[in-house]
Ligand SMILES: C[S@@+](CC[C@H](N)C(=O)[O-])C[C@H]1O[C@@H](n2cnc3c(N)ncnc32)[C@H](O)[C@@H]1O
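Consider the single chain below, provided in structure tokens and representing the form predicted on its own.
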């Protein structure tokens, strides 16, 4: 595990989330934007996939049946999340789970053919460094796919920042894309992935003003940023 000081508040916060059972809720919350992303990624059985910020491992477990043995890895800075991921995945076989921060991914260079991160990038202490690390562990020709619900282009999420207990980054879509380009990615694109799941008639949560704002947020959609490590990249 990366034990840099800047990771410690993030680890502690997500350990609290794990203890409160919030990790197990992520599949329901994120599946409406993840399924369209997986369709775009076109994952094949020979791919080697890393899930950055895997929580309790619902996505690696979902991918496990599609990939050859030992080709899907879930990583999270929260050791409590990883413990829960391993327990929930017992008997499934091929997901591997590691504790680590995106600032120093505990894996070799040029290994993964695809990297995905769902709703974790804006918590990274240094997003530029994280994207550089993802570039490092990707094989030449591999691709990175980052899904973000908290981004400046969507005005219906800006209020979240005041409720976060750890620092977060509210960046424009083009700022995320530029971080990709600076890391060396080519073919960098960003798009919106709308959330078409049903919304309640009355909203009583703390993240949105009312049901109308929730629906507007979901219509704007999550930000998906993608890019490819050049096939000619030599390390």
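Numbering follows the first chain given and starts at 1. Computed from a predicted model, the values in this text were never measured in an experiment.
Absent from the display: the form predicted in complex with the named molecule. The rest refers to it.
This chain lacks the partner; the member of 48, 190, 61, 30 within 4.5 angstroms of the named molecule in the predicted complex by a non-hydrogen atom is 30.
With the partner removed from view, the residue among 113, 120, 149, 89 that has a non-hydrogen atom within 4.5 Å of the named molecule in the predicted complex turns out to be 120.
Residues 7, 101 and 124 are all found to lie within 4.5 Å of the named molecule in the predicted complex, as judged by heavy atom distances. Taking the partner from elsewhere, residue 26 is found to have a heavy atom lying within 4.5 Å of the named molecule in the predicted complex. Shown alone here, residue 131 lies farther than 4.5 Å from the named molecule in the predicted complex, counting heavy atoms only. Mapping the unseen interface onto this chain, residue 72 falls outside it, with no heavy atom inside 4.5 Å of the named molecule in the predicted complex. At a distance threshold of 4.5 angstroms between non-hydrogen atoms, residue 81 is in contact with the named molecule in the predicted complex.
Residues of just one listed stretch (201-209, 37-45, 178-186, 50-58) have heavy atoms within 4.5 Å of the named molecule in the predicted complex: 50-58.
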